Each structure stands twice: as structure tokens, then as C-alpha cells.
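Given as C-alpha cells, the chain that follows is alone and in the form predicted on its own.
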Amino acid sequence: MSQTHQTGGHIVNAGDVLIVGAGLAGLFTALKLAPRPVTVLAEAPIGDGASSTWAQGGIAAAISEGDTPEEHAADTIEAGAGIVDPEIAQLLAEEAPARIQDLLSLGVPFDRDLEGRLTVGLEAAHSRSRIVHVQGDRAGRAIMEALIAAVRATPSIHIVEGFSAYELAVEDGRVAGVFVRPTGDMLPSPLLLRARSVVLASGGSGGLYAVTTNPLTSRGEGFAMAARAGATIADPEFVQFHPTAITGPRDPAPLATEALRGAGATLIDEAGMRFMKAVHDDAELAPRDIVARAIARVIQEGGKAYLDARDAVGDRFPTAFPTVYGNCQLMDINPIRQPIPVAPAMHYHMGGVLVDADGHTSLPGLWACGEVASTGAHGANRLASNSLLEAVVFGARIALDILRTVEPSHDVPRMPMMKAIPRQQPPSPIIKELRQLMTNYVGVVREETGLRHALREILRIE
């Protein structure tokens, strides 16, 4: 029945469309498919465990006077180090304003000025201010809260919580569903959720690294499932490291949003000297990969790097950047009076399951969107605040494509009430070893000897 030769167990009819993942990409796609019946598979209780909720930046869109989608696309291509698909970059930029309107209609409280117009901020490698935020650094949480409320109010969306997908079912060359198990249960009896269309929206792979801003459950299972089923994987080596994770004992590492640098915060060393001016003309607002490598170099040479927002933000910190301020307080840092210690952290996987402009993968019956997909929009270095944008743009396009090409079935989905309590298990010694190996040898700066060593060790661990 499937390429993984699962036998026995139970089969549940999930209907026409099964979406694997309940982050922004998955929930937005489900809402765009309404009133077509949809089943959404959530690894954790809906809203938990999704990278989207933790996104502090915002969404890039050319909505201000004088800005254009062409300029947004040009910035996207420039930041991607020459490997961005220009047609996809233009598509992304052109559809951005409409997706912002969608989110507004769902109740997302984007920041506005005194006259009620959306305010826009500046972030690295953008030639104009075009980032819409929520309370400075709360966009991800606010967007997810609005989407979750809309999903719960939509009768056509059925949520299955506490189950993880671990294998795609393929029948006669077409994806026909996914095998699932209760989250944290490594030895389940096979349970197949059968569906005529499957959308992978399972997130990234930050949990494979010792220092990450992602939920630790994001370990690339979506990439692996698709690859084992025969889907084409593109650019898996393109991993983005956020330059300014707050260093300390917390795992995952909390983020010091790029909007801080957009507001004028500077990067300094232990002596209080700025070091980005000598690296790039745009200094702290250089593309993320350049800033991350510069900070990594300071640390590799035995120094420490800090983000100094004392002059740029100062007393406004608690209201202008409440999330960062709260995280700093939890780590006994007062960002009003102290520079924030920072280091690069694995943040976003730009490669993934290869898709076309409508989110099709190379496997019939399988679409992909969000961080698990490789759309061609990011190239070798994602432009700031294009990730949430990509999720909603391609979520909408996938929904339209399914509605256009997949005839509704007359079978009523036989979906029993399914809800499992995820088992919270501490990382095993093997997982800890793998995460440290990835950070040490497959991190910000890589070279052949280190990569060969990492591969040998990974094979030994396997």
C-alpha cells in the first residue's frame, strides 16, 4: 500500500484534504479551503509548538506610499545571493498586500499610526520601510491567535491534536495519506489517516541544532517523510542563522528581533566598539548571513558580541519590544541599561521539499508550504520578514489549486474524536550529541573537513 510497507493497524478516512501542521502555513491554508472539509494534524495542542507563534518580526509588504512590489522583489533577490527565482520573488511581492488584507479581515491587530494607517518598519537588507508589526515584536503570536480563533469557528475544519506524522502513504504513485502516532510514542501500532490530498506544512529543522530559536520538536521530519516517499528535495544546505539570539541557558534561545537593529540598535564587542561598519556598508542592517558570520567570527576569536539598544530604544523598551524585554528580564538582563549578549542561532530552513508556484511537489497528491517547502523565494539567504509572507501567499495558492483541481468527494469523512496527550520526553543523549555535532560542524561557517567528520559521526549515530 505504501512505500514504507506499513501493515496492520487502523485506517481512518480524513476526507479530501489532510494538512500536516498547525502553524501559520497550515491554518491559513485550511481557512482558504473553507467550506471544503479539511483535517488539520497538530503535533501539539493547536497554537503550541509552532515556530510561527514565536516570530517577532512581521510581514514584508509594499503597502506604503512610493514602495512597489518590484522594489520588494529586487530586495528579495539581492538578499538571496543570486539564487532566488525572480518570477517567484515577483509573485510573492505582488500578492503580499492582498494577504495582509486577509489577515486584517481575520482580526490581526497590525500596528497603526494616529490616523489609522498601517505603520511599517525597516529591517535588514530592505531598501524601504515595509514591515508590518504587532506591538513591535509580537506579530507571530498575534497572527496565530487570530487564525486559531477563526479556525475554531469554522465548522469545515477538523483538528486532530497530539498526533505526529511519521510516514507518507503512497499508493500507485500518488500520496494517499499519512501514518501517524501519538506525539512522543515511538512504537505505535500503525494508524493511517487516508486523504485524497495531503498538504505538508510541518515546519523546519531547528531542533537538530544545539542553539536554535525554533521549537525543539522542529527536527525536519517533513523533509524526511517527503524524501523517503521519493519527493524532490531542493537546496537543503541553505540554513539561515539569526544573528541575534540572546545567549544564556534557555533552550531554545529567545530572539532579539531584527526590528531592534531597524530601530537603531548597534552590535558591539566587549570593548564597546561597533564591528559591523568594517564588514558591510549597511553595518547592522546588512543581510542576515553577513551579520551572523561577523558575530560568529567575534565569538570564535574568543570575544563576545552584544546588541546595544540603550540609546536607540532605552526607556521605551517595555512597550516598544515587550517580548524581548520580557525574555531579557527572565535572564537577569536589563536592556534599558545593559547591552544584550547575542550569538547566531539556527533560525530558518530555506531549502526543503521542491514545489512549483502552486505549491505542488514532485509527487501527485502532495503539496507543501511554509518552512518545509523550497519555493525558490529565498535563495541562499532569506530576506527579513519574508517567511510569514511566504506561508500565507503559498497557503492561499495551494488552497486555490486544490479547489480548482481536486473534485470534492461524496464520501463523508469518518473522523472519530481523536486527541492524544503529547508525551514530554527529555532529549536523549543521542539527540543531544546530534544537536551539538550539527552546531559545531554544520553551522554558520562550514568547511569540507568538518562536514566529512559530521557525516561520519551521523552515520555512526544512526
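Everything quoted here is computed from the prediction, not taken from an experiment. All residue numbers refer to positions in the sequence shown, first residue = 1.
What follows is about the form predicted together with a small molecule, which we do not show.
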Can you pick the stretch from 352 to 360, 326 to 334, 379 to 387, 302 to 310 whose heavy atoms fall within 4.5 Å of the small molecule in the predicted complex?
379 to 387
Can you pick out, from 255, 100, 151, 144, the residue that has a heavy atom within 4.5 Å of the small molecule in the predicted complex?
255
Among the candidate residues 181, 138, 194, 288, which is the single one with a non-hydrogen atom no more than 4.5 Å from the small molecule in the predicted complex?
288
Indicate whether residue 56 is a 4.5 Å heavy atom neighbour of the small molecule in the predicted complex.
yes
Would you please decide whether residue 347 lies within 4.5 angstroms of the small molecule in the predicted complex, comparing each non-hydrogen atom pair?
yes
Consider residue 130 of the chain shown here, and say whether it contacts the small molecule in the predicted complex, taking contact as heavy atoms within 4.5 Å.
no
Residue 242 versus the small molecule, in the predicted complex: is there a non-hydrogen atom within 4.5 Å?
yes
